[in-house]
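Given as structure tokens, the chain that follows is alone and in the form predicted on its own.
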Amino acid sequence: MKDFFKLLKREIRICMNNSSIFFSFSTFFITSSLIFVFALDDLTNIIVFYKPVVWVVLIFSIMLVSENFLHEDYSDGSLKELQFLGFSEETIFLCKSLAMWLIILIPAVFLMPIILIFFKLSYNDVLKLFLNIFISTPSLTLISLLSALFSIQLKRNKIVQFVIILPFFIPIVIFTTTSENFAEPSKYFGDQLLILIGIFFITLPVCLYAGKLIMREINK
């Protein structure tokens, strides 16, 4: 555990020193949201379909910055050196995922007021959206980081990368964008969160195992 926290501290420190991650994530998210908003003729119904817009933009924003967490370490040999120092592939992948999740969650908190203004949401809707983001982004982070590993292995072949990875986002998108049952909205929201937690516990071991295999392959 001591080695795990030491590696996690290293990853967070590297991320905090790389301000381009915050800038890239926030800029892409705001710009893409504005495109959707301004493309609409009638803004009165924007609250009806704000969820698909937010989640599509969020997924692509996460995928945009995911490469920053691996490609530099792979290029300068740090990824291989960490394995040489005795850190397992699972530990490296998990620490990078945790660091990425924390770095993504921080700008997401500050983007909530902007989302409130863009899509004319109530504070209750924004709170529910943030809870969804808080619970879903660990799964999105794991999948996106796995996507970045695929990008390294496939020599940055983006088309193949998207074809392989994007289907894994579908269950999360389905359960985060489905309309609430207005008969019992609170019960539905609670069930939705439990489903998203369940998806995370499925995604975690699958991504750790797949990440381990890919790291071994690219570091041969």
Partner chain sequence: MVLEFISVYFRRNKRLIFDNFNLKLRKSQIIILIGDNGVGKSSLLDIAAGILKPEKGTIKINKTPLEELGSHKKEKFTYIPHKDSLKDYLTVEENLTNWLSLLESDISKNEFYESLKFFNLHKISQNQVINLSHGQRKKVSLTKLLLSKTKLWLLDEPFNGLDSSSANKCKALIHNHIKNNGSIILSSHINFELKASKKIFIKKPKKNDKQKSFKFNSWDDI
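These numbers come from a predicted model, not from an experiment. Numbering follows the first chain given and starts at 1.
Below: the form predicted together with the partner chain, not depicted.
The closest heavy atom approach of Leu82 to the partner chain in the model of the complex falls within 4.5 Å. Interface residue remark: Thr91 is not counted as part of the site for the partner chain in the model of the complex, having no heavy atom within 4.5 Å. Shown alone here, Leu204 lies farther than 4.5 Å from the partner chain in the model of the complex, counting heavy atoms only. Proximity of Asp73 to the partner chain in the model of the complex falls within the 4.5 Å heavy atom cutoff.
Residue heavy atoms within 4.5 Å of the partner chain in the model of the complex occur in exactly one stretch of 73 to 81, 97 to 105, 132 to 140, 119 to 127, and that stretch is 73 to 81. Annotation for 1 to 25: interface residues with the partner chain in the model of the complex are Lys2, Asp3, Lys6, Leu7, Arg10, Arg13, Ile14, Asn17, Asn18 [heavy atom within 4.5 Å].
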